[in-house]
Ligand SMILES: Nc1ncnc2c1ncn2[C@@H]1O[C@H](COP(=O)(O)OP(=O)(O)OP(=O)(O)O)[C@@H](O)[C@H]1O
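Just the one chain here, laid out as structure tokens, in the form predicted alone.
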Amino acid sequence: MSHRILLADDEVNSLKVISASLRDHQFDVATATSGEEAFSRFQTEHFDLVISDYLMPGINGEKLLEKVKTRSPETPFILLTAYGTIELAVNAMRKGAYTYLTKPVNVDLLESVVRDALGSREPRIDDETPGRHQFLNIIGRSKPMQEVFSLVRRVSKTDANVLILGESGTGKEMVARAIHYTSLRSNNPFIPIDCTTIPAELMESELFGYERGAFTGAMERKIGLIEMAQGGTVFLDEIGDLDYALEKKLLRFLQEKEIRRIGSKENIEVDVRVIAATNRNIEEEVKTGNFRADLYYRLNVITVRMPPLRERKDDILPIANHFLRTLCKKNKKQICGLESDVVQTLKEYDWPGNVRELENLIERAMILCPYDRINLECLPKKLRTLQEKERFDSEELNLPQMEKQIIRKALDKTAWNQSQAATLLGISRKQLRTKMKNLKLLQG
């Protein structure tokens, strides 16, 4: 499958010449005549590389670079400019550009640079690259994840509150970010708040802020996280751990779309979308009275259920390859893939820690691996034991074949002298002849 390239340039002639040249070299090229159009396509389609003119009205090439790198740091970006300066080059490279080329572009040079840039990000492994199975930075070829992607695309175009359910490590925050960054709020803040890391006595002031003098130690006004997200999205991670006393105030904010700083008498209108997530059985928490039913129904307008990794095993290899590629680049290591028995082991393991556990395992294996491919020696003992047990079970199922091989070796060693072979095997000649007959073991 050819690489997909997104080309952005507001000069129509330049767009036609460059895109035609790249297509002649068998690249799949999509074009955009503005930074806004380019970024809109980048949010909803998969591209292996982006090329953009620097000087465009609205979102220029530099701003487009920043937006692309925020969404997908791995995607190579080539900047084109008719106003090349050392300062521009250095600034572009600092922001993550692969390189920059001056216009008018030498199409042969561009083709060479494009191949180099794509080579710098291509996995050197016999893998299954995410390709069209990737939505923003979330990888998922399995049916459950394709259903999640479909729901996210539909939900992101609305302002409905979303509740994301799933075990720890399944990627709930990544889905929340995907909803935000494909929504009309994408240019405004995305504020993640982990309800498990902020002490209960501080949570109200963190969420809603406070006025100077509101309490001892309040030396100046503090803007709360909800107010900071004005026009954007607040992500309340592990909402099931929120202190019960705060649930009523959060409910009021969701109903009235306004907040009041601690120590203030004025209400502040806020336009903020709320996405919440939890690894708990929130419906059971509601039934037992540990979570307010009215808050649950207010948050749960749309439910996104993240499947655990053990239910989406088709995704394990692409995700593992993605982590290996990223970590090798970060740590400047040259590892070209996973041995087949490692791949089999990863697929057989249940992954109680889900994608986060897989990432940690790949990082550990990458650091410890002295070879050019990760083998079983590089895996933790619990996974090696799993594969060794599988091998043992497999050998047991093929015991007759193993017995046949052992007898043949004894016969070969004794030039097929049955008496000597029987002595070598520790059985009688009659037993040997019976086994040879049963196993259809003939000389030659």
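For every residue, the number given is its place in the sequence shown, counted from 1. Remember, predicted model here, so these are calculated numbers, not experimental data.
There is another form of this protein, the form predicted in complex with the ligand, and it is not shown here; the text below is about that form.
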**Asked** Among the candidate residues Ala117, Leu299, Val272, Ile139, which is the single one with a non-hydrogen atom no more than 4.5 Å from the ligand in the model of the complex?
**Response** Ile139
**Request:** Would you kindly say which of Glu339, Glu74, Glu173, Glu363 lies with a heavy atom within 4.5 Å of the ligand in the model of the complex?
**Result:** Glu173
**Prompt:** For Lys103, is any heavy atom within 4.5 Å of the ligand in the model of the complex, or not?
**Reply:** no
**Asked** Is Val355 close enough to the ligand in the model of the complex to count, meaning some heavy atom within 4.5 Å?
**Response** yes
**Prompt:** Is there a non-hydrogen atom of Phe291 within 4.5 angstroms of a non-hydrogen atom of the ligand in the model of the complex?
**Reply:** no
**Request:** Tell me, yes or no, whether Asn279 is in contact with the ligand in the model of the complex, where a contact means a heavy atom of each within 4.5 Å.
**Result:** yes
**Message:** Using a 4.5 Å heavy atom cut-off, which of 161-169, 201-209, 103-111, 221-229 contacts the ligand in the model of the complex?
**Reply:** 161-169
**Request:** Using heavy atoms and a 4.5 Å cut-off, decide whether Glu238, His322 and Glu359 all contact the ligand in the model of the complex.
**Result:** yes
